[in-house]
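Heads up, the chain below is alone and in the form predicted alone; it's given as structure tokens.
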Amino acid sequence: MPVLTINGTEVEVDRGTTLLKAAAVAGYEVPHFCYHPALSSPANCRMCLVEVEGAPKLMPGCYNQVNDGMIVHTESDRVKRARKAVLEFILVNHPVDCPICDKAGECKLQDYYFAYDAQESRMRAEKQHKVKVYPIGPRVVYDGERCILCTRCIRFCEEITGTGELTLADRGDKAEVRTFPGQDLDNDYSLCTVDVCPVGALTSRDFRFKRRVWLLTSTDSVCTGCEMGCNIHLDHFRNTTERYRPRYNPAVNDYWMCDDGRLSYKALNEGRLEHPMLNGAQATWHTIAGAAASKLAAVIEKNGASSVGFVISPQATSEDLFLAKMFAETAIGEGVRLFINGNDPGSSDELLIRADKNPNRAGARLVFGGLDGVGDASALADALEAGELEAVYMMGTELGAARGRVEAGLDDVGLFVLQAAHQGGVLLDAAHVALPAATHAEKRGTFVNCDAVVQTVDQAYPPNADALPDWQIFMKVAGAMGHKLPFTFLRQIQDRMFEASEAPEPEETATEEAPAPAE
């Protein structure tokens, strides 16, 4: 393998490694605009120029590969002067509207200006004006004056999605990114172009002017839009989720996520079940746990455990499902009828989108030893219509196409306990006991994706109002029924859960950070 020296640091890298990547291995960041680790390297921005001893001129680090014995300088005076000149050239026609730009605080042009240029513009002529606030697609807005023509967005649409909607139009200082005639930037991953844009040229119509990014707190989490479980940065402000951004994980989603998954954050904040409810009236947790326990125990004593339908949710974490299993086995008893709800299947593709729109169905299979004998929402509706159930204990409100039948059937049961993060409309109206659960943003836990990758989610902020994680709710109700579950902390549940299911511990890649030059 080639051995080279970068800024006095000797480093050994694989043959074919670029100078930019080798510098990152040595611990030095080479500034760049057009380079992205998942895309081709056109070397058109010239921001990554480095000095190689013996070379007649500076060389683009994103394109040129290492040779054995190279001596490279990434911070020499010659390199810094070149970077300053490149930045000045880029800023000649730039509007410098950072105070009103959504990318302020996340803009590489802004960062590099303060690092290498930081001088008053020498431009005295009228700047070249281009299109502003142009809806280049249904979810993305383009600002031609901020665009530095790095072509990342064009290469993304050509090399990742294969849809090729974008191109460069015109030449020189009139060049702009545009869609081909008759097309919009409307693929399923269009908002990834906002992520790869290093400046404020492409912005999300959903997030535009919503919140300054330095006010947001970011928490590592997992998208719950489908069973792929794309790794995300969950950005939140004052206990409210404001947006999702893809988080690098080469084992799952690389640098990307789909638009539907990205916008699914809205469901976290809408229609929340905030307080324990007993027959429509707000109650305390002590009261509600005792009421749920006594009512459920009465049904079991009179009609047996087989008269109870217990509905688990593939939207819940594996820890929640593990406690649900223990609750069903100990508090309700042998013979309990098990069902699983969830969202109906949807569209899929060969990149990231999966048809199963439930993030932890694989985790449910591991916890319950497979789902044989566990009915779906349609089977629950059949059992209700046949009068086979006297009580229903339901996690979550996702019932898919069977929703209407289940809602109608619940009118005839003596006890309906709803344990969910959201109200569920008619479901809340039908519930004799309603138990507010936390969303995945409000608790820690694990999900298992369609490829059996076990992934962790961190708590972003405290549960809303009186909500609790599902596993804590099961412990409260079980304790009130005289069946104390032997756990105090989440880690205890995880130890028992992984031992029982023989599932692997969460992979390190689930929280792996992107390589240094991934901006």
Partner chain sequence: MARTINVVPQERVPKTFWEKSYVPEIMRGLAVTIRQFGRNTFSRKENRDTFTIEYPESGTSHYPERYRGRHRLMLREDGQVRCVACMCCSTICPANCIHIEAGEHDDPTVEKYPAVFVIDELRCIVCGLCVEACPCDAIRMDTGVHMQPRFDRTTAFHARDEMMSRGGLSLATKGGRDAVNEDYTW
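Treat the numbers as computed from the prediction; the structure is a model and nothing was measured. Positions refer to the first chain, counted from 1.
The protein also exists as the form predicted in complex with the partner chain; that form is not presented, and the subsequent description refers to it.
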### Task
Counting only non-hydrogen atoms, choose the one of 398-406, 254-262, 96-104, 444-452 that falls within 4.5 Å of the partner chain in the predicted complex.
96-104
### Task
Would you please decide whether R146 lies within 4.5 angstroms of the partner chain in the predicted complex, comparing each non-hydrogen atom pair?
yes
### Query
Do L168 and the partner chain come within 4.5 Å of each other in the predicted complex, heavy atoms counted?
no
### Contact of R212 with the partner chain in the predicted complex (heavy atom, 4.5 Å)
yes
### Task
Using a 4.5 Å heavy atom cut-off, state whether A85 contacts the partner chain in the predicted complex.
no
### Query
Between the options H286, R208, K266, K80, which residue brings a heavy atom to within 4.5 Å of the partner chain in the predicted complex?
R208
### Task
Answer with one of L351, A298, A355, V133: the residue that has a non-hydrogen atom within 4.5 Å of the partner chain in the predicted complex.
V133
